[in-house]
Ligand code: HEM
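Taking the form predicted on its own, here's one chain by itself in structure tokens.
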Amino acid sequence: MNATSASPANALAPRLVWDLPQRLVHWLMVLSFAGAYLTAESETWRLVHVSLGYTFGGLLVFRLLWGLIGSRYARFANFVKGPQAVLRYLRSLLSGSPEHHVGHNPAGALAIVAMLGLGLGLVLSGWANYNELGGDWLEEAHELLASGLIAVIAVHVLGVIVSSRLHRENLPKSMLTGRKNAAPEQGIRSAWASVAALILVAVLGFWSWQWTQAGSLLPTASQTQSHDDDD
């Protein structure tokens, strides 16, 4: 629990808490998973599905690394706690005096770890399916992992809504702006914008390369004409 002070020097105010790479990766993962899920059953959009799946996997790997070396509130050591911390936080919600955490709360951390774990399994099973390394059981496992991830996401979204109301703070907005009410010493010093720029360039570059590869697989006009002549 974070202590607060009434002195002006320590007054709570919107301060940078979430760095830019964390926020960018968060929303790119949302976009990639949603797009991959919506195109999963279509052969026409197969390349889009695969490209977004690879994108999701790359972002997932970065998030795991950033959880070790990133800024203060991005690190797993900051918010992944034991069962006692989770139970204490849940009891504080029921008591009407919820613990306030500048970063992720202990209960939210469980959802984050579950989403990362399910996401990793989803990407690996999708890659194996795409390369025909498994049978029907692997395809079913891939679909089951996707359903499990959707369920955890739903719980996560519900938790964000409840926490926003109980703590009287807009958590979705903070993941856009990076700012939450905090004391001066609780903010982070840098947004790490250069790292976020590299991530964006890498993702857009990969998408561009995939689009180019897709175009090279399409028959050219001369090939189509030659085929028609043969007929």
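The first residue of the sequence shown is number 1, and the count goes up from there. Remember, it's a predicted structure, so these values are computed and weren't measured experimentally.
The next section is about a form of this same protein that is not shown, the form predicted together with the ligand.
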Problem - is_contact(residue 49, the ligand) in the model of the complex, heavy atom dist at most 4.5 Å - result: yes
Problem - Touches the ligand in the model of the complex: residue 172 (any heavy atom, 4.5 Å) - result: yes
Problem - residue 41, heavy atom within 4.5 angstroms of the ligand in the model of the complex - result: yes
Problem - Any non-hydrogen atom of residue 92 within 4.5 angstroms of the ligand in the model of the complex - result: no
Problem - Proximity to the ligand in the model of the complex, single hit among 202, 61, 166, 30 (heavy atom within 4.5 Å) - result: 30
Fill in the blank from the handout: Residues in 72-108 that come within 4.5 Å of the ligand in the model of the complex by at least one heavy atom, in order, are 103, 104, 105
